[in-house]
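Shown next as structure tokens: one chain only, the form predicted on its own.
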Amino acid sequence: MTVETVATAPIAGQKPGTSGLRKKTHVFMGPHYLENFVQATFDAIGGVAGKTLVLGGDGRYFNDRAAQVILRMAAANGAVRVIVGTGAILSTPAASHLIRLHGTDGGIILSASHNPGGPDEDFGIKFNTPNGGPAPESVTEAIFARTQSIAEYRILSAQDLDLSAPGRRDLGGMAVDVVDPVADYAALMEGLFDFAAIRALFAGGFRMRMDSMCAVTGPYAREILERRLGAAPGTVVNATPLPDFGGLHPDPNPVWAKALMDEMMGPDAPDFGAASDGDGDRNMVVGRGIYVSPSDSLAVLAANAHLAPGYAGGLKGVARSMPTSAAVDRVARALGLPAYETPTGWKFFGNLLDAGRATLCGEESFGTGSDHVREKDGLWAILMWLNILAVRRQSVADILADHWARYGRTYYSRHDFEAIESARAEAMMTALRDSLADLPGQAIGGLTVQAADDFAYADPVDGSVSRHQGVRVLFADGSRIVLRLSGTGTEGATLRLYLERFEPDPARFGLDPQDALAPVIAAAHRIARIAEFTGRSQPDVIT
């Protein structure tokens, strides 16, 4: 085995987004592309000589090949140890847990999360810091800067390692510990939740359907739900992770998890339904005949977290991303808890969690989690719901009804306009920002604009400021719209339009969300001139 120093040159476009670098798979498979970014990451964190890393991914196409390259590069750069999941598989929350459990110097996660996988689809890579969370902007900016000046990378000349079973391997003097990807994570969950109560729930005839979408959570869900909690065999469907996710779009929302939605709205629906995404950090929750929005889910979990043993002592605070509805804020006020509003991206929750200011965090994009790891965690959220159901012995619909009766209902929806020409999307956002000062006081379709801004976040822990995180328009009746361009796509730009309206009147809790939001939707299109700039009058996806 010899260390090769390979001459290279900067490759344009290697700027990490909110969750690392995501591109089409064939781009990552191009000459030097993966290697450049990995070496730039190593260099940006001060090198990996003498360090220990965690490595794993969601099993999408190119996951196995990329893992072998990264292992050889880690060895060539002097790392002393890498902990890798069997078959180079780890869910994102499980990887975060391993980083924290073993006190490593960080980890590399191979995933494009909820994006489709396959040779013609998407791939991604990101670095997580020693706290287990995604790299903050200071680190991702340093990585990007290094990609623009890189001249060489180091890689070990060696055969592929056998990663098919747990055990220690040697790679040029670097220890490679292959571990069961599920065991440590399952043990963590068993320490947080009342497994005995959930087992009793299933033993009493409670039925569930879990759709793992041919993605990474299949083995985790089978082990925890079917083996440890006693759910009926077959409760977990699409449980085998596949490189192309079986042709499915591994995004747990009502559009892409349509089969689950149809079953849950059908005449013989199970009591509870759930789905998770490509890398296991997102979740969708559905009751018999009722869908639970991510914003409502976060609020319900905050109100009921004390029912789970791991949170019986109460919460330190709650945090939500700015586009997420304010439903959880009302719970926080009632409980006397601090509530934080951060930009989109789980990395912004890390400082709050590390400083002990927050316990629960959530994003409207189907991400929920707590201080047990530093990533959102799909199965954790599903188990929290099961714990609440096991203790309260009510249906999902009844729990939501009780919650709305106490706190009011927030109607909420997200409209996605996908693959817009980037220049058009940027022009629209620029024009919108230029109009913000003139909006307050304007009456638009029966709604009066009270305030408008381009959200900036001052981190209360380290004082760092993040600007241009999305445009907010607030109306006098408490309704709100938010517009931002997503950083998780790989083609063109995705415009995300977030719509929110608070309803305190119980007589109006049964409206269809799109009907309840109709005036807000119309106002948003007028204010942002969406059709004028994008040529689109209807979204591609509504969640």
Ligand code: G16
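Remember, it's a predicted structure, so these values are computed and weren't measured experimentally. Start at 1 with the first residue shown and count on from there.
Just so you know, the form predicted together with the named molecule exists too; it's not on screen, but the next bit is about it.
- Judged by heavy atoms within 4.5 Å of the named molecule in the predicted complex, the contact stretch among the candidates 36-44, 53-61, 511-519, 492-500 is 492-500.
- Note on the partner interface in the predicted complex: the residue among S365, S297, T140, N387 having a heavy atom within 4.5 angstroms of the named molecule is S365.
- For the candidate set W256, W346, F193, Y220, a heavy atom within 4.5 Å of the named molecule in the predicted complex is found for exactly one residue, namely W346.
- Proximity of R484 to the named molecule in the predicted complex falls within the 4.5 Å heavy atom cutoff.
- At a distance threshold of 4.5 angstroms between non-hydrogen atoms, R409 is out of contact with the named molecule in the predicted complex.
- In the predicted complex, no heavy atom of R320 sits within 4.5 Å of the named molecule.
- In the predicted complex, the named molecule sits within 4.5 Å of a heavy atom of H114.
- In the predicted complex, the named molecule lies within 4.5 angstroms of at least one heavy atom of each of the following residues of 8-30: T18, S19, R22, in sequence order.
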